[in-house]
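The chain below stands alone and is given in structure tokens; this is the form predicted on its own.
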């Protein structure tokens, strides 16, 4: 056995960073403090966080009320298991989520991350049919350009051709995929009909083996910020019902205001069978997630047969500290009219980005508090992260996308500082 102290194991340091080739990795920015929309570096620089720490820090950093909510709960108890015990904080948070989500999502299963919540939703969908004696419905339908997380079942419903997990295609469960919807938020009837016909054909051919379809409603995130029509989802729901297929909305990224409404589902006329929440669920303070289901699904697990119970239980599910900060975050969101803040962010992003053109840019897209520039070649944004940091902004592009998903407390001037950097990169002297 190689000793842990050997040079081979220490030359890259002890910390293994995410989504990064470690061989020549250099990370020169070290955060020592945060406040509002700012990250303070160890060299004294303050950078505007344009991406809310992976889209989660909706209320900004170091919010005094959120800090206090966590402190109050920790002083009582930071965590107790949910297996065989109950506590009022976790119950209150579940009740609040039922209250604010689309009507009919009456049951909340907590977990500790978005990926796990997706795993729960997939497992829940399959067992829903198994418990009714239907062992044929074993497959999930997803969209091309989808991203639903990094664990095994999640990888199986991420884009198998272009996604970051394509090397695992053929090893993870084999799922079915539809082309990503086209036409944007205001897609034409013809564009929607063409996409729906593809779903109809797939369901007619494979419907008897399909348990559920999972989508990121209206805004596909890490798969490339594809924006599509609410009407597509309205018609998709009708198709799913006709073929006895559950519809799962993965609102890990889109939930809590990111698309301009509290939940992306509110742009539609439907309630999904299952909804997944994380990221903004706790305003980015602590890892927590929720999988919500309708009463129809919940009741399929009620039985005298113990084998029909839902045998899943993350250790930190329903963590009271996470629930406390989540409850306070929802209170602040409503009290301070965050939807108006998000509307202002959207308008500024549209004003600053939608008419911006450059020979290296494929398209600029905006929905709610999300703005993205898709470039034709990923090489064209090489170096933008350092360029942005020199100008007081923290950006983290990936693949062919330069984007911002800022905290909702951001001011117009701070947001324009972000968009100025995004545009300035293309206009700089070469």
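Everything quoted here is computed from the prediction, not taken from an experiment. Residue numbers count along the first chain shown, from 1.
A second form of this protein, the form predicted in complex with a small molecule, is not displayed here; the remarks below concern that form.
A.B. asks: In the model of the complex, which of the stretches 98-106, 245-253, 295-303, 262-270 has residues with heavy atoms within 4.5 Å of the small molecule?
C.D. replies: Of the options, only 245-253 has residues within 4.5 Å of the partner.
A.B. asks: Have a look at 318, 181, 280, 114 for me and say which one sits with a heavy atom within 4.5 Å of the small molecule in the model of the complex.
C.D. replies: None of the other options qualify; the answer is 114.
A.B. asks: Which residue, 55, 61, 394, 403, is the contact with the small molecule in the model of the complex, using a 4.5 Å heavy atom cutoff?
C.D. replies: Here the answer is residue option 55.
A.B. asks: Using 4.5 Å between non-hydrogen atoms, is residue 147 touching the small molecule in the model of the complex?
C.D. replies: Residue 147 belongs to the contact set for the small molecule.
A.B. asks: Against the small molecule in the model of the complex, would residue 345 count as a contact residue? Criterion: heavy atoms within 4.5 Å.
C.D. replies: No, residue 345 sits far enough from the small molecule in the model of the complex that none of its heavy atoms falls within 4.5 Å.
A.B. asks: Decide whether residue 118 counts as a contact residue for the small molecule in the model of the complex under a heavy atom distance cut-off of 4.5 Å.
C.D. replies: Yes, contact at 4.5 Å.
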